[in-house]
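Coming up is one lone chain in C-alpha cells, specifically the form predicted alone.
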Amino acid sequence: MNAPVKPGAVSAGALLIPLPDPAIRFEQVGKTYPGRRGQQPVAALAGIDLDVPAGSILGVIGRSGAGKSTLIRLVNGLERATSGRILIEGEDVTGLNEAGWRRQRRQIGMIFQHFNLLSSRTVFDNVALPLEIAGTPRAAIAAKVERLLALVGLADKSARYPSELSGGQKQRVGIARALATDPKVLLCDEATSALDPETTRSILALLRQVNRELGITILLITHEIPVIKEICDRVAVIEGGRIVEQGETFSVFTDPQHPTTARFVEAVTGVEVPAHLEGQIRAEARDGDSLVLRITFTGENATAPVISRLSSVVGVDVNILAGRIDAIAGQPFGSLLVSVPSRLPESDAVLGALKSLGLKAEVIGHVS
C-alpha cells in the first residue's frame, strides 16, 4: 500500500507537489446526532480531513448512510459540526451564527437532486429569486438572468413553467439559479441521480463548462461511480462516516488501495469475464489449461499495440477474451481479459514481460 499523502499535496515520486489553496477544508471534522429515546448517540462523521482545491471538481462517493449528505450539509450550514473545523475560502465557518451563515451562503451555490423549483414561478423568475432576495435592482436582474439562461442553454425557455420542462431542463434551471449570486463554490447533492444516462452526460458536461469557464470550485456527492469518472479531478471515498481513500481520480481508479474503492471502481475499470467462461474458471491449473489474466493499461500504454509486443517478446500466443478502452478524468485507460498458456516457463515469461512493459496483470484463474 502506498504511503499516505497529507491533504494539500500530491505525490510525484519522491516529491510532494502542493495543490492550489483549498476552497474548502475539513480538519478532523465530526458530526454526532443525539440518540432517540435513550439510545446511544449516532456518529455520522468522524475525523474527516479533506481539502477541495480551488477551481477543482471533487466528488465524494459512498453508499446510502455513509455520511456524504451530512458532509455536504456542513458546508452550507444546514448542519453544524460537533468537532473539528471547516474553512471556506480561508474563513473558519465552524462557529458562525445564523447571520454569519446568511452572509456566507451568498458565496455558495446549491444544486439539488429533485431540482427544488417553485412551480408557480417561470423559469426566469426561478433564476431571479436569489437576486430578488439580495435586493438586486430589477434591470440588473434581467441582464443577469438572461446571461445565465444563455449559459445553460435555456434562453428560449424563460417564460415557461417547471411543469413544461424535462428533467434535464429543470436541472439546468437549478444550475442557473445556483450561479445567480456569483458563488465561489458550487455544491451538488446527487444532482444527476434523477436523470436518464443521456441527460446525465449533458448535465455533467455543463458542470464541467461552468467549472472551466467561471473557475467555480465544485463539490459533489454521488453514489454513481460514472459521475466521478466523467468530470471529477479528485475523489474521496466515504464509508461509515470516515474518508477511507482520496486522491486524484485517475490514480484512485487505476490503483485503488481500499476494498470499498475497489468495489466501486470495478464497474467502470474492469472487464467482465464472458458468461460462457464464468463457470469454467478454476483456481488450480490442469494439464493443457490456459491462464486467464486481466491486464490494465494506463497512459500511453492504453492505446499502444501492447499485445503484439507481448507476443513478439515472449513468443507465445495471446488470446483476447474481452476488452475496453475508456477515459478516466480525461486520461486514457484500458483493460483486457486474455488467456495464455498455463505451463511453465511460458506463463512466468508472460508475467515477467507484462511487468517489464509497465503493465498491471491480475490472475483470474485457469480454464480448459
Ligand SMILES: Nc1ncnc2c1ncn2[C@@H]1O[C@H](COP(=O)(O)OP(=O)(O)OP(=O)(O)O)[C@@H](O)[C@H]1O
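Residue numbers run from 1 along the displayed sequence. Since the model is a prediction, treat every value here as computed from it, not as a measurement.
Absent from the display: the form predicted together with this ligand. The rest refers to it.
Only one of Gln39, Asn319, Ser64, Ser312 comes within 4.5 Å of this ligand in the model of the complex through a heavy atom, and that residue is Ser64.
Note on contacts: among Thr70, Ser335, Ser342, Ser56, the single residue with a heavy atom within 4.5 Å of this ligand in the model of the complex is Thr70. For Glu190, a non-hydrogen atom is located within 4.5 Å of this ligand in the model of the complex, even though that partner is not displayed.
Proximity of Ala44 to this ligand in the model of the complex: non-hydrogen atoms within 4.5 Å are present.
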